[in-house]
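A single chain comes next, written as structure tokens; it is the form predicted alone.
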Amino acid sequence: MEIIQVVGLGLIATVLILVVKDQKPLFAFLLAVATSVMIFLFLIGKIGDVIRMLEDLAENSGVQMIYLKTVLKIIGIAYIAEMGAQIVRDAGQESIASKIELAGKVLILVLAVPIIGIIIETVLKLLPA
């Protein structure tokens, strides 16, 4: 039922933004940013629970924590880049938003290359010589 709270907050903020947008566009934008931050902060606790659960699963399955931490960093970069790009897009700056998305993709690639290398090495070891 937490989704009802998030949707309710989003709807209230949207109505307020629509009401003040013509008179105070800067205030409307700040209201949108504040709402985004509030929703993100609301989700932080849930994200923490998921991370703890994944760490327990990785520990019990014998997966090295460095791999899990790298994957979690990649997921974090993707979410943060998307949120940042959407906020900038809301301000009407499509060009900057696309640069934020590009930066997120490059940072994800940088983190993923070592894991891809390990996967390739593992596959090569499984193949007959």
Partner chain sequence: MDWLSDWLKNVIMVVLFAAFVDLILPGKALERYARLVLSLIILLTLLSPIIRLLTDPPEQRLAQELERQEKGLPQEMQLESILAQAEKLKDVQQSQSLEWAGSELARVMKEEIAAETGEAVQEVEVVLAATRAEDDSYTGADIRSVDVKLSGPSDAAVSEEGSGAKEPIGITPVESIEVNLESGTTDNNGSQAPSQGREAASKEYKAREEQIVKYISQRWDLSPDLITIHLPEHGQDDKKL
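Between two forms, the rigid core is the largest collection of C-alphas that superpose within 1.5 Å. Residue numbers count along the first chain shown, from 1. All figures in this text were calculated on a predicted structure; none of them were measured in a lab.
Missing here is the form predicted together with the partner chain; even so, the following discussion is about that form.
Residue-level contacts in the model of the complex: of I39, V33, A91, A78, one residue has a heavy atom within 4.5 Å of the partner chain, and it is A78. Proximity of D22 to the partner chain in the model of the complex falls outside the 4.5 Å heavy atom cutoff. Within 4.5 Å of some heavy atom of the partner chain in the model of the complex lies at least one heavy atom of A58.
By the criterion of a heavy atom within 4.5 Å, P114 is counted among the residues contacting the partner chain in the model of the complex. Within this chain, G45 is remote from the site of the partner chain in the model of the complex, having no heavy atom within 4.5 Å.
In sequence order, L57, A58, S61, G62, V63, Q64, I66, Y67, L68, K69, T70, V71, K73, I74 are the residues of 57-74 having a heavy atom within 4.5 Å of the partner chain in the model of the complex; the partner itself is omitted from this view. Relative to the superposed rigid core, the position of the CA of D22 differs between this form and the one not shown by less than 2 Å. Relative to the superposed core, P114 undergoes a Cα shift of 2 Å or more between this form and the one not shown.
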